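For reference, the chain that follows is the form predicted alone, supplied as structure tokens.
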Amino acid sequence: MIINCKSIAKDIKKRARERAKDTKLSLHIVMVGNDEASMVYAKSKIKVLKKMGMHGELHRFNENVEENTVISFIDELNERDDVHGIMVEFPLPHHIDSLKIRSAISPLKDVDGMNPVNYGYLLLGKEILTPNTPRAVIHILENITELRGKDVAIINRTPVVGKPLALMLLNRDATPIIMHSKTHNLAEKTRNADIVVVAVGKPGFLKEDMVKKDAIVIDVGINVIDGKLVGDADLEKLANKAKITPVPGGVGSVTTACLVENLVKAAKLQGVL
């Protein structure tokens, strides 16, 4: 009952490479501060791009950098023809406005899908460049089930996962319900869902009795316990009852593939491909 996400990621990257043809596309990642997790994620993305014959570059600023300095640098990347995708690693220091940074990235190079223009298109039902994690969830689900008419419980309400995922599900005629820490009778709602997507950052949060038999569980959570990566779902017990994505090697691997997919889409929007 473990969903083979690595195979799905491999197919996405293969299609992206074919669409890119022989063009060496370039992604530039901006990072502010010394967040260890962000550094690991950034380097892993660059490693994947290199394996695919593409280029990835990391630009680091110290945590005290002025907001305008970061925005000016993003403006420079926007103007460069050899830069096909731009993304910023989050979180940012408190003195930097995340929305201003996301708005500074050209909508045509916004491989994270978080510029308000691309977000607005999604709200209106048009998926151009969309956030990578929800896109990964959609890819996984479309590989294993028909989404039309399905009840989907999403335990996350952030602009990065829960909200865009709900919009993408609506685009596919599914029925999403977003839940969070203030939701009443959460377990009752998840038990009635055909699909449960959990992203709360709490190991073992989603238990066996919270999911109906033969449901699908998409575990977006990443937690470290005794040096080991685990998700938000009780994988061992749920795997006997539902189809479930593993952690590690699950949604994260498909998310990275979606980043490459978005880089190719961005290059097409810019007329490079």
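Counting begins at 1, following the sequence as shown. Just so it is clear, the structure is predicted and the values come from calculations on it, not from any experiment.
Just so it is clear, the following notes concern the form predicted in complex with a small molecule, a form of the same protein that is not shown.
- None of L77, L186, I101, L122 but one reaches within 4.5 angstroms of the small molecule in the predicted bound form through a heavy atom, and that residue is L186.
- Residue in contact with the small molecule in the predicted bound form (any heavy atom within 4.5 Å), chosen from H139, R172, R191, R157: R157.
- Proximity of N118 to the small molecule in the predicted bound form: non-hydrogen atoms within 4.5 Å are absent; the residue sits far from the partner.
- Shown alone here, T255 lies within 4.5 Å of the small molecule in the predicted bound form, counting heavy atoms only.
- Contact check for N223: a non-hydrogen atom falls within 4.5 Å of the small molecule in the predicted bound form.
- Within 4.5 Å of some heavy atom of the small molecule in the predicted bound form lies at least one heavy atom of V161.
- Contact with the small molecule, judged by heavy atoms within 4.5 Å in the predicted bound form, is confined among 49 to 57, 213 to 221, 25 to 33, 234 to 242 to 213 to 221.
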